[in-house]
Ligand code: ADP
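Only one chain is given next, in structure tokens, and it is the form predicted on its own.
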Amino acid sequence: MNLTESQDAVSMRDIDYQWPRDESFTIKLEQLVISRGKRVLLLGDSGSGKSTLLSLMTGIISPVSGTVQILGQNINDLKSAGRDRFRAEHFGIVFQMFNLLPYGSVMDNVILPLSFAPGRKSKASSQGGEREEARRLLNGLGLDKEVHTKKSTDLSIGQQQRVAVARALIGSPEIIVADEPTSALDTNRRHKFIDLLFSQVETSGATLIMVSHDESLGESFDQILRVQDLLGTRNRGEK
């Protein structure tokens, strides 16, 4: 099966993971399947294992046993460098702390992933050029051209958040993973941000997997999964 044939964005089965520096920390996952194009909310409290689950899903860490298939590719079969390349090409990630280059411009931050992902770079170029695609995304997220040349350190939290989303979306990766992207926002801004994110994801046709502890967001998603229900017995330390 190749990437274009798989109907599942994510298929994780019979996962057994043990944290290398803490043998008491283990998780077990019988099955997690997410279809392409779905908007899925992963709910989990602090210490529930949601960060570890995301790291397994994106190939940052590997399970002791079990399979992690992303778009039909078993990423366990890839070496570390291969998993890094695969993640750069097929995942757009919105980090909780945004992880923007502090002294890079907004434009520099948005186009950065294209340096590591030739496929995404090619897709962005086909849309009129990398910078034109970046401008379209930024404008769609409510950031006009006056913001594009600013340094990320000169932006508000809300603006930084939108830049992080544009960076995740550029080059149309198939899967967008958002790790607690609304944690710094009040309720009103939180729901406005979700609306903006959904509109951009719908345009690109990507699968959206968002992690949060905020149950009020659930009504907006196609599917809600609770991390505590997915993962087996483990210690309760935050990972």
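Just so we're clear, the structure is a prediction, and the values are computed from it rather than from any experiment. C-alpha atoms forming the largest set that superposes within 1.5 Å between two forms make up the rigid core. Numbers follow the displayed sequence, beginning with 1.
Although not depicted, the form predicted together with the named molecule is the subject of the following passage.
Item to complete: Could you work out which of 199, 46, 188, 31 is the residue within 4.5 angstroms of the named molecule in the predicted complex, going by heavy atoms?
Response: It is 46 that has a heavy atom within 4.5 Å of the partner.
Practice prompt. Would you point out which of 168-176, 49-57, 202-210, 188-196 contains residues with a non-hydrogen atom within 4.5 Å of the named molecule in the predicted complex?
Written response: One stretch meets the cut-off, namely 49-57.
Discussion item. With the partner left out here, check for me: in the predicted complex, does some heavy atom of residue 229 sit within 4.5 Å of the named molecule?
Written reply: It does not: once the named molecule is placed as it appears in the predicted complex, residue 229 has no heavy atom within 4.5 Å of it.
Fill in: Contact label in the predicted complex: residue 22 to the named molecule, heavy atom within 4.5 Å
So residue 22 counts as contacting the named molecule.
Worksheet item: Would you say residue 219 moves its Cα by 2 Å or more between the shown form and the other one, aligning on the core?
Response: Comparing the forms between the shown form and the other one, which are aligned on their rigid core, residue 219 does not shift its C-alpha by 2 Å or more.
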